[in-house]
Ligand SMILES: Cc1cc2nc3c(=O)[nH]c(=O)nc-3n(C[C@H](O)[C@H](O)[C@H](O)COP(=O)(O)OP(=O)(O)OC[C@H]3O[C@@H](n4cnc5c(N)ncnc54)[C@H](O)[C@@H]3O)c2cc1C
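The chain below stands alone and is given as structure tokens, in the form predicted on its own.
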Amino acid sequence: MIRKNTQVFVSGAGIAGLTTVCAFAQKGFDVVCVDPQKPITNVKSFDADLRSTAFLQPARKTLQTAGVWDCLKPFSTPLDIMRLADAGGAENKIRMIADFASLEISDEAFAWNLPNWLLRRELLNYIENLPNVTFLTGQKTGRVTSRISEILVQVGEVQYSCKLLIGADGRNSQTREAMGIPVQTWRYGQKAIAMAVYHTLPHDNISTEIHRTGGPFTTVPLPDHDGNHMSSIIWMETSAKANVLFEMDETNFNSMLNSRSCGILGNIRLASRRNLWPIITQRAKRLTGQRYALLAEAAHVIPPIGAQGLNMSLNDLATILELTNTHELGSVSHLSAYEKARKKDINFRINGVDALNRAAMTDNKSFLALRLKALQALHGFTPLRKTLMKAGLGA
């Protein structure tokens, strides 16, 4: 057995894992990152991640701390307005629009949107030039042995001794299981379809969530391409309906897209393949073990509403990284402070997004009317509207 030393070991090379690598390396730590699969960085690859991520203002600060924002900024599209639209009436048309404009609370955009496959490409390009990073793909994080002074992680014939193991290996985290951390999971009987689309009307840097029975239909601006306006769409529906939509031929699916979008972007047509995945909420019972911390979807999974998912993950990263200023890396005090700092915010956002998703799914007529009145009240009262916007950004 070959033994090697590092300071931070990151299991998982998704967007959160790669950003974690950049952030810790930028701060001067030696980092090893392992993932069984090589990240897909070409949109034309069959398994490419066709979703996009809107980085809210605090998340952008984390990307700046990690040193990668300058690489990502040229590809980003600012989101100046978050629009909620209620289409829960008898007809498939919008009954009310509530705009939440970033200029009410800030002189910057709410968020900046980037395609996930491109994020992986740019993060990997950045990592290649970091001398204190060892990046290993096609290999698994093996046996983990935790001790007071170190944690040992086996990768093939090599055993790494490190001060902190970070589990950023997704909702089915193997390192979380190895550390004996249980999860609570609840399901909605719901799936999401993600895709990129062309459309005839400009998006004007507005991200829109259209609420109707089955779940939200969310459009997120992308840069124009070859003279065509483009957006990323996540369409949440009951599992049975989502399966039918996913199997439709392109002509029929485009017709359904145009009906569900209520014409907000003009005529819409597919610009990519469709991705389909089940919607769940999941929460780890705790975030830490001895010399071990959970980040991102290994710690929490929520429905894709309000751009909260990956932004929660980067809040995890920002917190655990900042705490290295006052605590020894991976120590009991470091990880206890991380657990304490993140628990309340994670629970708040999990419960909030869960409630919003259940409200969006309902087909109860009385509740649909109540949802409309609630949206009118929340948007109409300026101090509350500003408070909600600040809460969405993480305040």
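For every residue, the number given is its place in the sequence shown, counted from 1. As the structure is a computational prediction, the values presented were derived from the model and not from experiment.
Another form exists, predicted together with the named molecule; not displayed. Remarks below refer to it.
The named molecule in the predicted complex is not approached by residue 258, whose heavy atoms all lie more than 4.5 angstroms from it. Interface membership of residue 269, defined by any non-hydrogen atom within 4.5 Å of the named molecule in the predicted complex, is ruled out. Of the heavy atoms in residue 52, some are within 4.5 Å of the named molecule in the predicted complex.
Contact check for residue 31: no non-hydrogen atom falls within 4.5 Å of the named molecule in the predicted complex.
Comparing 283-291, 238-246, 95-103, 113-121 against the named molecule in the predicted complex, the single stretch with non-hydrogen atoms within 4.5 angstroms of it is 113-121. For the options 222, 164, 310, 197, the residue carrying a heavy atom within 4.5 angstroms of the named molecule in the predicted complex is 310. Annotated contacts: 63, 109 and 209 are all free of the named molecule in the predicted complex [non-hydrogen atom within 4.5 angstroms]. The partner is not shown here, but in the predicted complex the stretch 1-32 reaches within 4.5 angstroms of the named molecule through a heavy atom at 11, 12, 13, 14, 15, 16, 17.
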